[in-house]
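Only one chain is given next, in structure tokens, and it is the form predicted alone.
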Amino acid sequence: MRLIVHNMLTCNIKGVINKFPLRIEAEKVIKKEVDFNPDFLRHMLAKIEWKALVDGARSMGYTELPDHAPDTERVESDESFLKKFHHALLELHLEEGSLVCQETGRKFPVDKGVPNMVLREDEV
């Protein structure tokens, strides 16, 4: 599971108010090379919840992202930043581990890179 996917997932348990972000508990992280596309990254930056991305990357052992998202002007000219953003967003894969609802503590397993977000009957 890539961090771009993690940035869109929420906890949909009935009654949960704080649905996002899910905390990552990484057991196995792999890196898969992806073609670098600066235009795609510039477009995605505005759509990404930055703190969730940074926290997710750090929980997977990647600490190169700044604490705060850069301004638009910097993104246009800073290829070094874009490469770090690219690596975190698209090349880090949570292969094994869990996504944890921060409100309930419910763990959603990630197996072979696929998060299982199916709710139990009592959670619907």
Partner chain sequence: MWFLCVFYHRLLDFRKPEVEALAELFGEEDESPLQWRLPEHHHNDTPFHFVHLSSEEIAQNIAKRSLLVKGMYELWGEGASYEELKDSIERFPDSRKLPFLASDSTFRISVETFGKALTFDEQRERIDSFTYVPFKGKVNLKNPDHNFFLMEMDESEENNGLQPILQRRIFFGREVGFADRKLLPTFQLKSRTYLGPTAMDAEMAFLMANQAKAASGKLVYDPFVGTGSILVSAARFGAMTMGADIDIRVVRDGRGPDCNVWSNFKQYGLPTPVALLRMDNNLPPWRSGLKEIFDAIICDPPYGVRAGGRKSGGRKILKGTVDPYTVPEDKRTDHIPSTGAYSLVECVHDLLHLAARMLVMKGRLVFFFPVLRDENGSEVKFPEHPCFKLVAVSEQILSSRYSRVLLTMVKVEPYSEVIEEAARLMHLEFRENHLKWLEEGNIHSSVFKPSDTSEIRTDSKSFKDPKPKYRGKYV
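Treat the numbers as computed from the prediction; the structure is a model and nothing was measured. Numbering follows the first chain given and starts at 1.
Below, we turn to the form predicted in complex with its partner chain, even though it does not appear here.
K.L.:
Pick from 47 to 55, 23 to 31, 61 to 69, 74 to 82: which stretch has non-hydrogen atoms within 4.5 Å of its partner chain in the predicted complex?
P.N.:
In the other structure, the partner sits against 47 to 55.
K.L.:
At 4.5 Å between heavy atoms, is residue 88 in contact with its partner chain in the predicted complex?
P.N.:
Residue 88: no contact with its partner chain in the predicted complex.
K.L.:
Might residue 116 be said to contact its partner chain in the predicted complex, defining contact as any heavy atom within 4.5 Å?
P.N.:
Because a heavy atom of residue 116 falls inside 4.5 Å of its partner chain in the predicted complex, the answer is yes.
K.L.:
Are any of the heavy atoms in residue 111 no more than 4.5 Å from a heavy atom of its partner chain in the predicted complex?
P.N.:
Residue 111: yes, in contact with its partner chain in the predicted complex.
K.L.:
Is there any non-hydrogen atom of residue 9 lying within 4.5 Å of its partner chain in the predicted complex?
P.N.:
Yes.
K.L.:
Within 26 to 42, which residues come within 4.5 Å of its partner chain in the predicted complex, counting heavy atoms only?
P.N.:
Going through 26 to 42 in order - heavy atoms within 4.5 Å of its partner chain in the predicted complex - the hits are 37, 40.
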